[in-house]
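This document opens with one chain alone, in C-alpha cells, the form predicted alone.
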Amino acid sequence: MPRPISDAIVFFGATGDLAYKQIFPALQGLVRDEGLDVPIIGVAKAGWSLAQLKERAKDSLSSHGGLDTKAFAKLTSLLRYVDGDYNDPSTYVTLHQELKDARRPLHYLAIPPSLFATVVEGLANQGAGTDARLVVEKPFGHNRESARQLDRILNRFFPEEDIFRIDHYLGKEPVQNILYTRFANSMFEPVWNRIYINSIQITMAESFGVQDRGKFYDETGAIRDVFQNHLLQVLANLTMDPPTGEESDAARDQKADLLKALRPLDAAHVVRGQYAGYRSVPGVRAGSTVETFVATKLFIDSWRWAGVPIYIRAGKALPVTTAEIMVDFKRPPRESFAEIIPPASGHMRLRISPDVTIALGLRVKRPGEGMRGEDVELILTEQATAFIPPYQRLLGDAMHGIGDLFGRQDIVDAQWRVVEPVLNDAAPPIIYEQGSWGPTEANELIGSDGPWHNPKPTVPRP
C-alpha cells in the first residue's frame, strides 16, 4: 500500500558542506524532474539570512551539477530559512511556525551524529515525531555499541519505519545494477554458488589521499569510512538470495540474512596500511596508526557460499580511482588440452565506478591446427555514468516512504558485528608508497587465490 508523500522538507546543517555538495543539487533535480512543490526549510546556526542561503544554493549548483535557471527559480520560491541554535527550544518553535500547515515533514539531519539526540528531542517536543520522517547520515555510530545507543535515541521519538539511514552507495545506479543483473537473468543463478565460484574480489581504489579531511579521517580510518558500510553493502548485493514475496522489505530481509551469516573479521585475515606522507596531513595526529588501506579475507557461513573466500580491499593514494568486482569461476574438473591456464581465466567482472561495465572472461581457441587457447573478455554492457544522482534518488524515495535503498537497524548492527573484532587494533599499519597497490602483505593474504585483480583506468570512449 502506497504511503503518503512528505509535505515539507527540513534540512538541518543547511550551511554545511554536505548541503553545498549534495543536497542543493538533489533538491534542484527533484524540482526539475519530479515536480517537487513543497516548502523546503533550511536550519543552521550561521547568522545568515534567507537571501544568503539562496546565494549559497546558487553557488552550490554552479559548482555541482549545473544551474538550471527555471528549476532554480522554483527552488528558491520554496526555500525558507531558520537560523538558530540546535540546543535552543525557540529554534524548533520557529521551525514549527515555518512549517505552517505541513503535517508530514521530512527532517534531514545533515549534521554530526553527536547532535542527533539534541535535534530529534527538539523536534519531538514540538510534536514532529508523529507523522514525520527522519533521514540520518552515516556514520551510524563509531562501533556496534554506539550504533545501538544511536538507535535507542532515534527510536524514542521516531518509529523504525520512519527512520531512513542514508548510505549514498546504495543509491548508485551501478550498485542497484548488481541485483538487477543477477535476478533478471536466469542463466546466472545456477552457477552463483560455492560449486562453481572459486573466489570473489572487491576493490575500491582512490588515487587521491585524505586531502583536507585529515581530522575527520584520523578519527575514522578505511574500515569505518568505506568498508563497514559501502563495501559490505556491495558484497550483500552480490551474494544475497533473491527476495521472496512482494513485501516492501523483501530485499532488505535477504540482505540482513546474508550480513548476519558473514563471519566476523579475524585479525589474521586483515592487512592494514597507511600511505607514506599521511601523518604530515593537517589534522592528522603525530604518530597516527589509522589505516588508509585495508585488505580482508572473509567467509559467509551459508550453504550457498560455504568455503568460498571473499577478498575485499580499499585504499587511498592507489594507482586509479575505481570500484570493481571480480567473480572468479572454478576451472573444469580436468584440463582437456594440457594447457597451463591463468587462475582468472573464467570470470565475471562488474565495474561500479567511475563507469559501469559488466564483462565475462572466457577461454577460446586460437586460430591454427593446435588445440591452444587464449583468454578473451566479452563486454556485456558498457555505460557512462549519466544516471540519477544518488542523493536525488534517495531523497525522493524517503519522501515517498520507500526504504529499500536505506540502512535498517538490524542491517547496520550486522555490519558492525563483522568489523567489531578489528576496530581497536592499535598495531602500526604498514607504510606503502603513494601510487602503489598498497602493502605487499596484501599479496600474501590472497595467496593461491590471487593474484589481486588490479582494475585498469577508464579509457574515454570516442
Ligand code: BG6
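This structure is a prediction, so every number in the text was calculated from the model and none was measured. Numbering starts at 1 and runs along the sequence shown.
From this point on, the text means the form predicted together with the named molecule, which you will not see here.
- Proximity to the named molecule in the model of the complex, taken as heavy atoms within 4.5 Å, picks out 165-173 from the listed stretches 165-173, 269-277, 340-348, 361-369.
- Just one of Lys260, Lys138, Arg80, Arg331 comes within 4.5 Å of the named molecule in the model of the complex, counting any heavy atom, and that one is Lys138.
- Among Trp303, Tyr196, Phe188, Phe208, the residue placing a heavy atom within 4.5 Å of the named molecule in the model of the complex is Phe208.
- Of the heavy atoms in Arg213, some are within 4.5 Å of the named molecule in the model of the complex.
- In the model of the complex, the named molecule sits within 4.5 Å of a heavy atom belonging to Lys316.
- Although the partner is absent from this view, Asp225 contacts the named molecule in the model of the complex, with a non-hydrogen atom inside 4.5 angstroms.
- The named molecule in the model of the complex is approached by Ser353, whose closest heavy atom lies within 4.5 angstroms of it.
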